[in-house]
Every structure is written in C-alpha cells, then in structure tokens.
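Quick heads-up: it's one chain on its own, the form predicted alone, in structure tokens.
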C-alpha cells in the first residue's frame, strides 16, 4: 500500500499528554526466557517496564444493528515494578474491571486526547490477571460498519477492523504499542447468517449458531489483531492458501490470486520457513482504506486488486513478505516504521522477480521510484520536510503522518544499494540471519544499525554512509535508480503522441498494466478535449476494469479538465475508499477553483462510505467541517 503525507494541526507537548515508558529501553523475560526490550513509545500510554500484558482472552459479541462490540478482555500479566498497569483506550466505555480472583479492581480513565485515554488499573500484590468489561463507542476509528447496500452482494451488513497504527485501542482496551507483543484467544458471537474471521486460526464454513473461536499462539503486536464479519465464503488456492470474500466475489478472487501458493514457496526459499500456518487473503468491500493489511494468517485486501488479469497481485507478495518483515520482526515504535516497510518492499520485489521475472520487477521498481520522487517533492514544501528521512520523530503527531512512500521506497533503495555492494548471496544470507535472530521481537532503528554494521557492513568493508540514508532527509546521491527497458519503449510512444500522432498509430500491442500506468503518468500537459477523446476512444481507459489504470487516467482527466470523464470520476470516488487513489485525485481537483467545488460536492456524497483513516486524510486535505457538510449534496445511503 502506498500512503501519503498529511499534517496534523496540533501544537501539543507530548510530555504533557502521555505517560511514556522509561527513557531507556528496559529488559524483561518472555517465553523461553528470551529478553524483551521496551523502547520508549510516544504513541502509547502503556508503561511495560512496570507491568505488561502477555496473553489476551477476548470474549465479545458483535451487534451489527447497533454498530457496537461488547464483551470482556482478560489479560495475563507480567509485573516488574509498581502497583498498576496502564492500557490504551479510545472512546471505549469501561463498565468494570475484575482481578483473577473475581474481586473488583480499582481503575481510572484519564483525560482523552488524540491518542485516546489511559486506563489505569490498580494491582494489589500478587495480582497477575485482569478482566475488563467494556463496549465500543459510536466513533470507534478502527471499525467500519457497512450496510447491506454498501457490500457487493447487497444482502447482509459487513464489519471490518483496521488497527494500524494506533486504532486497535478503539475496539479493544489494550497496550497498543508495536513494541509490546501478546498471544491471544478469542470467542466472537455474530448473527448466525454471518461468518467471523480474525488474524488467527479461522473457520472455512458458517458455524450455524454464529459462535466462533480463534487462536493465535505467536506473540504479535496489537495493531495486527483484526476482525471481519459478513456473509463470507472461502475457496482454497493451494495447500496452505485460500481466499475469503463475499459469496459473489469469492470465485473471481480465487482465480485472481491463484499464484499465492507459488509466492509462499518462493518466499520460503529466500528467507526461511513461513511460521504462521496458513496464509489466506480476505477481499474486503471497496471502502477498505489500504491496498492490503498484513494481519497474520489472513491478509486484509482491497477489491481494487481484482483486475481480471492477475496483474496487480504484487500487493499479495507485499503483504506475504510482511510475514517475515513486520510480523516476525517488528518496528518497536512508529518512528521506526521503515523497518517494517523498507524490508518488505525489498522482499516483495524478490518474490515477484522469482515468480514473474526480472522485466516485471524492473517496471514495478521504477514505478515505486517515481512515487518516491513525487512524495519527497511534496515533503520538501510541507511543514515537515524532515519526514523524508527513514528514522522519524513523530512525538506529538499522529503516526499516520509518517506513513508516506518514503519508508517503503527509500528503505527499499537503501537495501538494494547494500545488496549491490556485497552481492546477492551474501545479502540473502544476512537477511535470513536477521529474520532468525530477531524472530518475534520488536526492534528499533538503532538496534538495526548496530546489527547490520557488526554482521555485514564491517566484515564486508562496505563503503556507505548508513546514517545519511537512515537519519537524514532526501535521497542520497549513491541511490541506484531503477531502469526498465519496457518503459523505454513506452517513452518512445509518449514522445510520438506529444509530436501529434493519433492514438491508433501508437505501438502499444502487448502492453500490460504497468506500461499503461507509465504512459498515463507521463502524458504531456495541456491536452485538448479532442486529444483526450482520441485516447479514450482508442484505449477505453474510462471503461477499464483495472483500478490502477482508471485512477491514473482520471488524474489526467482532472489535470486537463476533461469533463466527459467527470461522471466516472464521481463514481470512482464514491465507491472506492483506497487512500492511495483518493489522495492524488482530490489533490488534483483542489488545484483549481472549479475542481474545489467538484471535490466538495463529491466528498459530501462519498464521505459516509470511507473508513476513518481515509476520512481523516481527506478532511485535512479539503479543510472539511461539519458546516460544509450541511451545504453539500446529502450523503449517499
């Protein structure tokens, strides 16, 4: 998934808001007496150096009519010092808290801010278990409740969660830091006609009574706890792989993702065994705000990858790669987010090169590089140009602000540079060792720098400025710029078009999705309506079923004020909630006064269909207010 920079208008001092962990990482022992290091996390109220949760037993009922989750979260605790434990919450109603012996526990809910509210529970001597009885609020940011009309099948409502970065606390009271890992069991009840699935062991058929049980025996960070509820079917794509989706979508999705098992085998051949049992994908309704989310055992994915030609399955390779980089070895704080994503983009490219070949990989690498340059250019003129560094300081800000293309693509380019200096065999051996050494741990950027310096850079006498890449903004001059022979051919046709050739005379036979994306991205500005007519009549961009092509075409339509495509633009923006597509389209619209009016009108209709992650981004972009909503077109039902 590609994410874009937003700024959060908060002049807040984080030290006045957050009860953080100790200034220096502290150690504890976990399963197998392995050390656990807790880094200071400015986005969590938890104080794991005093008391930390190690296992969650979740028992909840999902009320699809009331849009509410009710139940209990029971935690096993490990105490180190102090007489209390602190959990993160956001908008939750906590009814009571009990200790392991059934007695009532004293608790307080702190003042709410953009991080939510701290839930502090007093722990008498010897107490090592607490049960929190709670319910979610009406504005739980992780939850998207969809009416039947907002689904593909139009028969039953749907619910999905999205926890990254700090949203799990809005549906579970939890120590919501990526540096704190827990195992979990869950009992979830839903209406009997619906199925529930989670980031754990999963059913493949309806239970009959709406009762489902889940088990995750690997310690994971809280943002990877996920739930989806709907009229869901399942179809296998391999021995360990399969697809969940609404019933009218599941066969199409299974065909589209037929190469998933091949990808798992390719990944294992590179960097060791897949440790999570099954690898399944659930195709969610189109309001899902990301391309995909790497929830263990069950990737959550957007339906916009269903192109009909298997051309957009790089997303599956990316989310699968997270099973090593992100889920197995995790960023300790959101300042270290690049550790999740830079490694994953590198791993993704290695998987797709193995499955689809070098030419395919060259094209996707160059598209990512183009995205990176555009993002750095945006950041250079923003309030936070320093965000084009890999290692960030996001204290006092929403961690989503750091989820730009930089951690993905700049991180990838750094790893690609190191590979070029030591050779692929040695770099592969290093990565295997890295994933093994830090398996089921959360690490900081400093930990990574020390490890790679000791294990690879110094032994191989690598000449590079690691801190220039990691700690400083911008793209270092020694970056390896991706190239693609396929795109060179596309550039030739762009040049012919710019000189006046008709669309039918361009040599485009055999072009795939990535070539068309490159073509559309590089069309010259100032196209007339007649020239846009020629392109669309010849190549049928507006009618394409490929979301990447449609989005790239619609950007050009807005840039060139091609009014014939504005009906498609409205349809696209009111049905697709993937932020990667929304942000550039709205950005192009608001570049003109005419476009601003169109953007506000469309957004007035579309906003109720977007997840809170996308709503926050587009609200900031359009400076949206409740008063504006009253003056725009009434929301779609």
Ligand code: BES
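Keep in mind that what you see is a predicted model, and the values were worked out from it rather than measured. Positions refer to the first chain, counted from 1.
We do not show the form predicted in complex with this ligand, though everything after this point is about it.
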Notebook entry, point to check: Which of 324, 469, 337, 171 has a heavy atom within 4.5 Å of this ligand in the predicted bound form?
Noted result: 337
Next item on the list: Could you check which residue among 292, 482, 118, 396 gets a heavy atom within 4.5 Å of this ligand in the predicted bound form?
Entry: 292
Next item on the list: Report whether all of 311, 362 and 518 sit within 4.5 Å of this ligand in the predicted bound form, measuring from non-hydrogen atoms.
Entry: no
Item checked: Interface stretch in the predicted bound form with this ligand - options 102 to 110, 180 to 188, 283 to 291, 205 to 213, non-hydrogen atom within 4.5 Å -> 283 to 291
Item checked: 4.5 angstroms heavy atom contact with this ligand in the predicted bound form for residue 315 -> yes
Check: Can any non-hydrogen atom of residue 403 be found within 4.5 angstroms of this ligand in the predicted bound form?
Finding: yes
Checklist line | Contact test in the predicted bound form: residue 144 vs this ligand, heavy atoms, 4.5 Å | finding: no
Checklist line | is_contact(residue 330, this ligand) in the predicted bound form, heavy atom dist at most 4.5 Å | finding: no
Margin query: Only counting heavy atoms and a 4.5 Å limit, does any residue of 128 to 167 reach this ligand in the predicted bound form, and if so which ones?
Written below: 162, 164, 165
